[in-house]
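There is one chain below, alone, in C-alpha cells, taken in the form predicted alone.
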C-alpha cells in the first residue's frame, strides 16, 4: 500500500495489528525496530498499568486525567511523561439535520450551557479554552482576537431554550468517540451542564472516533492538524462536501456562504490577508453554532523508560515510529 518504514504482517480488526520492518525502505538504516504490535480497544488506564509493568512501551491514547497527576509527580515515571501543545481542537458536533438541533437557538443554548473552564480543571488543566475552531497554535494564529460569542451563561441558555419552544428542555443522546482522550470527563461535564439548563443527555459510547452519523444528535469530535494551515480545519469538517454519512462533518453543517469564503481564502498567499480571511470564516462558523469548541489540547503521552527517541510529533501522533528504538 505504501513505501513506508513498516509493512503489514497481521491484522485482527478491532484487536491487534502487527507491523514488520520494511527492508526496502528508502531511508538507509531505518527503521530501528524490527516489529511493532498495536493492541486496540485497551482502556488508557489499563495501558498505563501495562507500561509500568513492562508489558507495553507506549499508551497511544494519551494519559487519562485520573493517572496524569500521579505520573507527573512520580520520581519513577515523571521523566517518561511527554507533553507538547497540540495543533488541534476538541469539540461537540451538533447534528443540524436532527431535531431539535436544526434550531439555531437550541444550538446557541448548548454553546452557552457548558462550563469549559471547569471541564479543563477535570482534565488537569491540559489545554486552553476554545472560542473557535482554529487553534491558537496554528502558524499565524498565536494570540488571535476571536470574540467569545457564547460565554458560559446558564440563565441565557435557558432563555434561548424557551425562545426555541423548549421551556422544559428535552432529552437527547451524546455519542462519545472511544478514541477521544478524556472522553469520560467530557461526557460527564457536558451531561451535568446540560442537565442544569433542562437538557437530559444519555451518553452512548461509539466504537471509534466519530464520523458523521445520520441519526446521532450530538457527538464528541476532535480534529488535529494534517498540515499546518487553517484550510485543513475549515475544509476538513465544515464544508458541504464533508457533510455526508461517514464523512468528517458530523454536524452536517452545510453553509454555502462559508464554502464560498473558504474557496476564496484557500489560494491567498501566506500572510496577514490570508490569516484575516480565515479568522472571518472562524467567526462565521461560530455564528452557525453547529460546533461547540471546548478546548485546544495539550498532548500528553506516557512511554516506557526503555523507549529511546520518543518525542510528541504534531502530525504523526502518538509517535513517528521510524526512529524509535529500545534500550538493551
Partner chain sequence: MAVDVPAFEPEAAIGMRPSHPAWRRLRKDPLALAGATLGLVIVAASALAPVLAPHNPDQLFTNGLTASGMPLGPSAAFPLGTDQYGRDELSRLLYGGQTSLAVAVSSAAFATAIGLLLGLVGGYLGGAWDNAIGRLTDVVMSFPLTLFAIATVLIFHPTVGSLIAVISLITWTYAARLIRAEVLVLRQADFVQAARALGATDGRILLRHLAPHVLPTAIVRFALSVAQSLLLESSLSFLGAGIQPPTPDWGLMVAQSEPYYATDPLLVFLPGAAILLTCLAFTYLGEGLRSALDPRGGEATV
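These numbers come from a predicted model, not from an experiment. The term rigid core refers to the most C-alpha atoms you can superpose between the two forms while keeping them within 1.5 Å. Residue numbers count along the first chain shown, from 1.
One more form of this protein should be noted, the form predicted in complex with the partner chain, which is absent from this view; the next part is about it.
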> Any of the heavy atoms of residue 30 lying within 4.5 Å of the partner chain in the predicted bound form?
Replying inline: no
> Is the gap between residue 263 and the partner chain in the predicted bound form 4.5 Å or less for some heavy atom pair?
Replying inline: no
> Does the 4.5 Å heavy atom contact test between residue 70 and the partner chain in the predicted bound form come out positive?
Replying inline: yes
> If you check in the predicted bound form, is residue 164 within 4.5 Å of the partner chain, heavy atoms only?
Replying inline: no
> If contact means any heavy atom within 4.5 Å, which of 248-256, 187-195, 153-161, 232-240 contacts the partner chain in the predicted bound form?
Replying inline: 187-195
> Looking at 49, 283, 42, 276, which has any heavy atom no more than 4.5 Å from the partner chain in the predicted bound form?
Replying inline: 49
> Of 65, 298, 36, 56, which one comes within 4.5 Å of the partner chain in the predicted bound form, counting heavy atoms only?
Replying inline: 65
>> Only counting heavy atoms and a 4.5 Å limit, does any residue of 239-263 reach the partner chain in the predicted bound form, and if so which ones?
In response: none
> Would the C-alpha of residue 263 be classed as shifted by 2 Å or more between this form and the one not shown after rigid-core alignment?
Replying inline: no
>> Superposing on the rigid core, I want to see if residue 43 changes position between this form and the one not shown - specifically a Cα shift of 2 Å or more.
In response: yes
> Comparing between this form and the one not shown on the rigid core: C-alpha of residue 288 shifted by 2 Å or more?
Replying inline: no
